[in-house]
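Take a look at this single chain in C-alpha cells; it is the form predicted on its own.
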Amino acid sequence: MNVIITFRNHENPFIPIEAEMITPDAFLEEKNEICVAVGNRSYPLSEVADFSIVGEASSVDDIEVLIRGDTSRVKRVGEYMSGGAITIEGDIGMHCGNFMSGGRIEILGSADGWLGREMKGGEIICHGDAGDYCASGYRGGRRGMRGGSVEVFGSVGDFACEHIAGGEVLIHGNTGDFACAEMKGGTVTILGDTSRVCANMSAGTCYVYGSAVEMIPTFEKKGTVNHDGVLFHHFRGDVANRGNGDLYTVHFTYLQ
C-alpha cells in the first residue's frame, strides 16, 4: 500500500497540526478515520491535506507513507508506529517518531525538537538538522531513547540524547549544550563538536570526533585509545554519579 499525503499551506502558519494518527499502523485499520488536530479542534485529514491510497496491505510493513507540502509545523508524525515506512520530503515539526518501536522514518529536510523522543525501536534518518532534545526523554522522565537508531546528517540542538538508555545515535554535525546528559546506555557518535557532554553519565558509550568543549571535570582520564584509526582520549565516569560510562574524544577543553 502506498499512501501519499500533501499538506496544503496553512491559513495560520503559527498554529501547529497534531498528526499522531499519521502512521502506517493507522492506515492498516481501514475502519479508523485519520484525524488531525488544528488548535483545539479535530478535523478529518482531508480538511488539511490531499491524500491518496493505492494498493492493499496485509501487514503494517507493507505500507509506505509519503508526506509532502507545508509540513514544518506538523507534529507527532509516526508516533507509536510499529512498522512500515514514512518519508517526509521537507521539514517536519516537533515530536516526530515519538515512542516508535519499529519501521523507518526518513526526513529529507530538517526536524524540529524532540525527534525520536523515547523511541524503542526502528530507524530515523534526518538529512538536515534536528532541534533540541533529539533522541531524549521527556521532561520529568528518567529514560530517553531505549532502542533503534537515529542518524542526523546535520547538527542538533541542546540536550541531544538526554537520558538515553539504549540504541544508537549518529550525529554528523555539531551538538548544542549538554549532549548525552544523564546517559544510561546505548552508543552515541558525534562527528563534530559538542559542549559539556555526558554530564552525570552512569553507563553507555559516547564518541566525539571533534572537540568536547567545556568538558565536565568529574571524569577519570584513562589514557588514549586507537579506534578505527583515530586516536581518542578515553575518560570514565561521570564519577560524580559513580558512573561507569565511557567517553572518547579527539580533542577536549575543561569547564573553567
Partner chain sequence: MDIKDVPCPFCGCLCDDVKIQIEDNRITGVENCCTLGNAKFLSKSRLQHPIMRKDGKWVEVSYEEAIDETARILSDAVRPLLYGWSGTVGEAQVVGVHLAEEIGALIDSTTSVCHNPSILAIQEVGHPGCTLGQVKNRADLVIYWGCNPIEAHPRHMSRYTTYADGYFIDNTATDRKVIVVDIRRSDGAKVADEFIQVKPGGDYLVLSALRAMVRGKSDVVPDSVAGVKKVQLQRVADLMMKAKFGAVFFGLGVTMSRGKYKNVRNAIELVSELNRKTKFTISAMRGHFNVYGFNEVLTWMAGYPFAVDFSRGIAFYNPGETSVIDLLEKKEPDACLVVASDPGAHFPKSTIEHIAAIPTVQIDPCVNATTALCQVQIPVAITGIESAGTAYRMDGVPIRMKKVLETDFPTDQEILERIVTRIREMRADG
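Just so we're clear, the structure is a prediction, and the values are computed from it rather than from any experiment. Numbering follows the first chain given and starts at 1.
Beyond the structure shown, there is the form predicted together with its partner chain, which is absent from this document and is the topic of what follows.
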So, a 4.5 angstroms cut-off on heavy atom distances: do all three of 41, 182 and 217 pass it with respect to its partner chain in the predicted complex?
yes
Options 162 to 170, 146 to 154, 83 to 91, 101 to 109; stretch whose heavy atom lies within 4.5 Å of its partner chain in the predicted complex:
162 to 170
Does residue 211 make contact with its partner chain in the predicted complex, using a 4.5 Å heavy atom cut-off?
no
Mark residue 28 yes when one of its heavy atoms lies within 4.5 Å of a heavy atom of its partner chain in the predicted complex, and no otherwise.
no
Decide whether residue 187 counts as a contact residue for its partner chain in the predicted complex under a heavy atom distance cut-off of 4.5 Å.
no
Should residue 73 be classed as touching its partner chain in the predicted complex when contacts are defined as heavy atoms within 4.5 Å?
yes
Which residues within 196 to 214 place at least one heavy atom within 4.5 Å of its partner chain in the predicted complex?
196, 199, 200, 214
